[in-house]
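Form predicted alone, single chain, as structure tokens, below.
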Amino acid sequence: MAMSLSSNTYNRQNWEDAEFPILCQTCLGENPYIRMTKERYGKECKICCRPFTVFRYCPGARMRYKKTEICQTCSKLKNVCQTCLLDLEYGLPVQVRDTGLVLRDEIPKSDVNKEYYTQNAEREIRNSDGTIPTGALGKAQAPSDMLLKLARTTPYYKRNRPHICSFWVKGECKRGEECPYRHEKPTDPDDPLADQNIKDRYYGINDPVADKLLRRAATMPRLDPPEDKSITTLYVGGLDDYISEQDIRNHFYQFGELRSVSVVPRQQCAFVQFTLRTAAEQAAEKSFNKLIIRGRRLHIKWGRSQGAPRPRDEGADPNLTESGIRMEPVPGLPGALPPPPTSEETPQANYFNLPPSGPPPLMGMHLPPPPGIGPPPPGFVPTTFPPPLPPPPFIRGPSPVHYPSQDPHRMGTHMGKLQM
């Protein structure tokens, strides 16, 4: 609770007086010529309840006025913005950052312990150079892949938009275009994102925005290594003419020894082969969805075995090539050939493309007269074909080829000599 300015107490020496706020790039706005109003000890911090200097400003045209909500000591303990309470390095809620860095909140919740903890933290901040975070955040490990994927790299200025005009929702707003609030339909009132507590956001508990981001991180695509342990090749796609083989080597050599790097300019891809499987797995894990060379984002996939065919998903586009380029079919050309029949279903060869015939013609049948010729004269006997004769008994059909070495009587000449 804030105390009177006239009372000279010990706690008053801990009140904060600053010259400039700690803000993120989004809250600061895109206008470099920004004006702020400064009010010393204007409000109490919503976390530690100590009076601090409040800054109020407008980040840009058609934006709402914003002000600092927490003191700079609480901001430095968590490395967050004084206005939006998002992390200054990643632009994410505290709960998401602590989950990615495996941090546990050590700030006490009671008033007495909180005051003692804050005074010790201020002493530690004064003794440091200000470049390294203090507390548990300064002892955190390296950032995880989840943080690097979810981190915001550009400012999100739509967060500075004005609130929705409640009079316009009721149909009673008479300001028209001069109204500083938005004339839009509000979102669902039961949306959990509409109910946020500033203390929960600061301590990283029960934050609906953080829960939404964590669910999104759980559904992100992953690059699982293949079951074949002999595969140590990575496919790098999305190259252009400015990316050379040396640029690819300079990135992948840090993960292990390279056996070969093959660049295919026509397909705009490259194949990087490592000598060890562990080095290839580490390169795939560190480079998947994060590899940027010469300002161009590249795609990483695992290579395939030389003898293994490429699996095609059901319902995939047959006109899509391996490199992701869609090839339109050429009109007038025949379609794809059907798959060859199996040995059990192999039909008889039809070399002359004749239609399927019925039963064989019967021998000895009468031939009809040609068209245009009248009926035969009386006494005319039509010509008939005699039935085929059986082959003579002395003519044998074709027999298999016989070799003298297959004759059992010519084998074992010693036996013949003994009989003689």
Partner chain sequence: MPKVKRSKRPPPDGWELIEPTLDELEQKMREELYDYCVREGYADPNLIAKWKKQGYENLCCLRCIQTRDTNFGTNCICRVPKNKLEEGKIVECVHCGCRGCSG
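Residue numbers count along the first chain shown, from 1. Owing to the predicted nature of the structure, the values given are computational and were not obtained by experimental measurement.
Just so it is clear, the following notes concern the form predicted together with its partner chain, a form of the same protein that is not shown.
Asks: Just one of 227, 177, 188, 328 has a heavy atom within 4.5 Å of its partner chain in the predicted complex. Which one?
Replies: Only one listed residue qualifies here, and that residue is 177.
Asks: Looking at the partner-bound form in the predicted complex, is residue 62 within 4.5 Å of its partner chain by any heavy atom?
Replies: Within the cut-off, so yes.
Asks: Does residue 36 reach its partner chain in the predicted complex, with heavy atoms at most 4.5 Å apart?
Replies: Yes, contact at 4.5 Å.
Asks: Note that its partner chain is not shown here; using its position in the predicted complex, name the residues of 74 to 94 with a heavy atom within 4.5 Å of it, in sequence order.
Replies: Nothing in this stretch is in contact.
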